[in-house]
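Consider the single chain below, provided in structure tokens and representing the form predicted on its own.
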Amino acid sequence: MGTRVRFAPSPTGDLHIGSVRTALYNFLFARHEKATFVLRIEDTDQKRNKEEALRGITDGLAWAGLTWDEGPVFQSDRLDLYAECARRLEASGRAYWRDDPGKGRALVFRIDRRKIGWDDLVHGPSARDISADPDLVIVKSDGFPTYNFACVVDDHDMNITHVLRGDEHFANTPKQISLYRALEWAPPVFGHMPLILDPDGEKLSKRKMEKYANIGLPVVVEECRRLGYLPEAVVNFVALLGWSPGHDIELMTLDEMIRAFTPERINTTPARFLVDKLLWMNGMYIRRCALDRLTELSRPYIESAYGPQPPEKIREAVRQQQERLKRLDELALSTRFVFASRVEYDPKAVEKWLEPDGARALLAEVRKGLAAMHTMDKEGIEALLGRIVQEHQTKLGHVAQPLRVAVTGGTVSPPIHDTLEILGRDTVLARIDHALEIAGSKK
């Protein structure tokens, strides 16, 4: 049968970054070993299951490029199998029915009253004493199996050979091994990955999403997409939250990760989610991205802010911003001077560059030169500004910055020739006229 691994999320909410890491490590392990990667949906909690959460899981994995070989398999379609295994445990005396006040009648498994050990793929030799733990509910009053029971039955039935999951499941492992032994099955090899911590050193939690939003930390995949993180950047970043390929390598393609991945290189200590690191990495991938693809990824951010725009204008705006972007959602602000019908002036920029003595005269001279151009191209713009600088024996900034403020409203934009070219002659001249009026009215 060969090596088989699985990713088994519950469709109860948005796909968490920690779940993405679990899926990624199992995917990398499967591809490295030329093994089988199974997607199983653990949907036995009927009260919490959500159809949109299921779509979020499959869409999120597809967005990240994590393809599965089998599945999705739904636990809710396998109730007969769980019932058969439950009857085996009851017949052998290892399970009994119990009435729980307020919860109804449930089937309970008699766990092994001793220390249970296993050789963990990540932590090495591990053990936990469960002799004082309560017996384990395995079938609820609604007839659905509990997590610990269903995943044991499924992993055996699906011939799962290795289970890579988070450290939060460490306490479940001895109970599950106890179930395997009671059913006379060989357990898989377990490996438990360290927790992901937030910048404050606490467990990364969806309950803190509002707090994380203030620092741009995406705790779920949908937030990654909304903020404009590229999937390859998120995958690369998440891969390094607890695993290292060695040699201080940071930027890696998915294929490079597959070649380098072994579970033995997973860390045993928690990893901290650092937003600045993700932003840096995303910026690197944006700069590496082919312009046509980046344009298509950027289009929704621009058009949601400014409505439908000419494709070539969007492409040129993206090209101009590509070297400085860290997230695609920044485009709504950084391209405002291109797509907004009116420019909004920064009062400080106006005060510094348009109001000083002589600034309006220089800007008016620039306007006259631009209006006289047959073609407003890089060479012509640079020649015009250079001539004015030389004639007035001033610095280029004293000519270019007032022009930049006049046409964009602020002091930061792409190179001035790019800025003017994408706006076009009519818009440039109209904005200079408006800026001259504003500066004059403050005198």
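The first residue of the sequence shown is number 1, and the count goes up from there. A quick note: this is a predicted structure, and the numbers were derived from the prediction, not measured.
Note that the form predicted in complex with ligand GLU isn't included here; everything after this is about it.
Taking non-hydrogen atoms only, His123 never approaches ligand GLU to within 4.5 angstroms in the model of the complex. Interface residue remark: Asp45 is not counted as part of the site for ligand GLU in the model of the complex, having no heavy atom within 4.5 Å. Taking the partner from elsewhere, Val5 is found to have every heavy atom lying beyond 4.5 Å of ligand GLU in the model of the complex.
Ligand GLU in the model of the complex is not approached by Leu107, whose heavy atoms all lie more than 4.5 angstroms from it.
From the list 146-154, 227-235, 314-322, 96-104, the contact stretch for ligand GLU in the model of the complex under a 4.5 Å heavy atom rule is 146-154. For the options Arg336, Arg165, Arg78, Lys326, the residue carrying a heavy atom within 4.5 angstroms of ligand GLU in the model of the complex is Arg165.
Residue in contact with ligand GLU in the model of the complex (any heavy atom within 4.5 Å), chosen from His169, Lys140, Lys175, Arg299: His169.
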